[in-house]
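Read the single chain below, which is given as structure tokens and is the form predicted alone.
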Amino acid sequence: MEALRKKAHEIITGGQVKVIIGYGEGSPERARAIFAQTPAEVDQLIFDQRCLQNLAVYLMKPEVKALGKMAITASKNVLRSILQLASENQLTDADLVVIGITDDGGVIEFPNLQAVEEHIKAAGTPAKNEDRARIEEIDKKPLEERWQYWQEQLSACVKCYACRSACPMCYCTRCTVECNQPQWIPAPSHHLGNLEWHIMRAMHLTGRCIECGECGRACPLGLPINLLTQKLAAEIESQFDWQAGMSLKVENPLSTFKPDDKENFIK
């Protein structure tokens, strides 16, 4: 933690950035996001096992961008989100300074986004997390049981859109659910509207989800909606050998055509 604060002090007092996005004390179970603009505020920065929130979501917020050039405290999930945003032409080296946190608590100031990519690639393919195990359990159920499971889960959704607000990849200035001419997704929270919303969201994130699980953690009802995007991430990895947030190159499988693509999905 002291190494993080020391590096943050160097960056803020040296005038490299105007604000540092990081973690501060929140509840006993979870840290909160803070936006340090002075040396005194930098002293509030922490990093421990409670720091789960994907801070990359704030990089796309107009009110945060308005503060000036940013630095960000970046765990591995945040680093992958930054790479994915950069591959979609949403971030450049001029936009931010990345302070990486290693698995052993070390601090790295990356000189550019290419260095972030090299670091992520050196770390190797992300390990399968417990959510992948839950997905595999659901996949073993008969089709009818799987359908019933998701109908039961999604029927409780109140469409608060906390999942959308927490996701770094949901940065559209106007979401489809807010369009009413024509209205693609029903506004009320009912069976059909909930189903259409979550299917649309999952498809929008296919090939882009870095599997941080933030959407599931943000859900006030504890619905496992993160499993939907992570299921599609697993399918993309299986079919196209692709994982989001591992490269600065734009190679999203659902928006890239290659003559040698497998076509075994065609029946």
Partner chain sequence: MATERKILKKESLGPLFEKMNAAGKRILAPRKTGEQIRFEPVTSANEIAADFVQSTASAKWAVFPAVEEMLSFRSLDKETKLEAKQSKPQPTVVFGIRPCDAAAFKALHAVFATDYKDDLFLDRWEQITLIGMSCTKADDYCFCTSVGGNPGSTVGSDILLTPLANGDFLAEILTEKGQQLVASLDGLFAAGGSDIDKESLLAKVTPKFDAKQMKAKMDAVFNNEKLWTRQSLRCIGCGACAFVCPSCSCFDIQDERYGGKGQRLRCWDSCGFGLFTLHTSGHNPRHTQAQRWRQRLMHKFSYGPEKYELPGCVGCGRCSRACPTDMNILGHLLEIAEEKL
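Numbering follows the first chain given and starts at 1. Remember, predicted model here, so these are calculated numbers, not experimental data.
What comes next is about the form predicted in complex with its partner chain, which is not displayed.
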Revision key, fill the gap. Note: its partner chain not shown here; in the model of the complex, the stretch from 108-116, 73-81, 159-167, 86-94 having heavy atoms within 4.5 Å of it is 159-167
Revision key, fill the gap. Answer key: of Ile225, Val57, Leu45, Cys51, within 4.5 Å of its partner chain in the model of the complex (heavy atoms) is Val57
Exercise for review: Spell it out for me: taking its partner chain in the model of the complex, does every residue among Arg32, Leu67 and Pro188 have a heavy atom no farther than 4.5 Å from it?
Suggested key: yes
Practice item. Please check if Ala218 has a heavy atom lying within 4.5 Å of any heavy atom of its partner chain in the model of the complex. Key: yes
Check your understanding: Counting only non-hydrogen atoms and a 4.5 angstroms cut-off, does Leu192 reach its partner chain in the model of the complex?
Key -> yes
Check your understanding: Going by a heavy atom distance of 4.5 Å, is Asn129 a contact of its partner chain in the model of the complex?
Key -> no
Review point. If you check in the model of the complex, is Ser27 within 4.5 Å of its partner chain, heavy atoms only?
Key: yes
**Study point:** Residues of stretch 169-183 in contact with its partner chain in the model of the complex (4.5 Å, non-hydrogen atom)
**Key:** Glu178, Gln183
